[in-house]
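The chain below stands alone, shown as structure tokens; this is the form predicted alone.
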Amino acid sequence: MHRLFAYASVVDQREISRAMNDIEGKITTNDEVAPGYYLLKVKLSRPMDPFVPGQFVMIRVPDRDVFLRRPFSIYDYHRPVLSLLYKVVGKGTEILSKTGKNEKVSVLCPLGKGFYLQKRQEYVILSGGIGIAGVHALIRRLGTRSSVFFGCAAKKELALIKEIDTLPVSVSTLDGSYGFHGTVVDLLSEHLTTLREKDIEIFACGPAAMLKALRRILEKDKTPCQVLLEERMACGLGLCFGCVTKTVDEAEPYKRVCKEGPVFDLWEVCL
């Protein structure tokens, strides 16, 4: 804790002000939408600032045994309700999954750098598993201007894309129980030749292995691509330097995922 305060003492005062901009909220629903996956909706006490798809929030889990806030991508936001899709992966999310309606929480939002949209003929959105939470708001915003590729372990996880079923989604499952049998990157590679006939940009969110595989198939043509990195975070404000990732920037190679990210240009990060 003392080390965190030491960083805070030298950080720009605007960041301190932002850190204090906490919004209280009350849980309206916290439902399991697929085995181990939950959709949490929080009614905020006041409006959240405008956000860019790809940004995230830091939420305080309502339990004394969980000291640090937990980061979650902004899944959706319709004033005053903030929606977060998450997977139970540890103590914090396990406790959160058991939190009921009307429980009070506090949220720092929106945080980080989201996706930057340049004018393209078409946008390609790639997600693996819970990575759909990071690109859901982007899919909503782009609508039919995007081609969506979703990969998961098995058919039972298709509930994660239920809210975008009005758009065509190309699906892969690792066990072959639905759609393409294999990884979502393998699925995308079968469509790349056709997609590259247009001026495209790819947006991706998923595990590190998926992003590394994506880099390999795009390496030859250096297809424009932005990736949302998944990383453990302590403060979410760039104060603790606990979520750094290495980049090709020779002057300052290590960037904070919570501050300079979580969205980066694929060709600027070292995966």
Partner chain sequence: MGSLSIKLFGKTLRNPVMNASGTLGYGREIEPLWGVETLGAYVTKGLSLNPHHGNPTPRVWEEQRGLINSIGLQNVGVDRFFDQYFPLFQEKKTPIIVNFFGFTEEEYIACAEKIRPHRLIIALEMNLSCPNVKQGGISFGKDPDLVHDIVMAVKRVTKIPVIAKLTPEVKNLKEIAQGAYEAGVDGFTLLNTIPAMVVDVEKRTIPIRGGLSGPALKPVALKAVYEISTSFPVPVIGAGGIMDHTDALSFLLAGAKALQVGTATFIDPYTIPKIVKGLEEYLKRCRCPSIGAIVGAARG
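Positions refer to the first chain, counted from 1. Model, not experiment: these values are computed from the prediction.
The same protein also exists as the form predicted in complex with its partner chain; that form is not shown, yet it is the one meant from here on.
For a residue to qualify, one of its non-hydrogen atoms must sit within 4.5 Å of its partner chain in the model of the complex; all three of Leu108, Glu231 and Arg256 qualify. Listed stretches are 200-208, 220-228, 37-45, 233-241; the contact stretch with its partner chain in the model of the complex is 233-241, by a heavy atom cutoff of 4.5 Å. Comment: its partner chain is not present in this chain, but in the model of the complex one of Val33, Ile27, Val52, Leu68 has a heavy atom within 4.5 Å of it, namely Leu68. Among heavy atoms of Arg215, none comes within 4.5 Å of its partner chain in the model of the complex. Within 4.5 angstroms of its partner chain in the model of the complex, the stretch 22-42 places a non-hydrogen atom from Asp22 alone.
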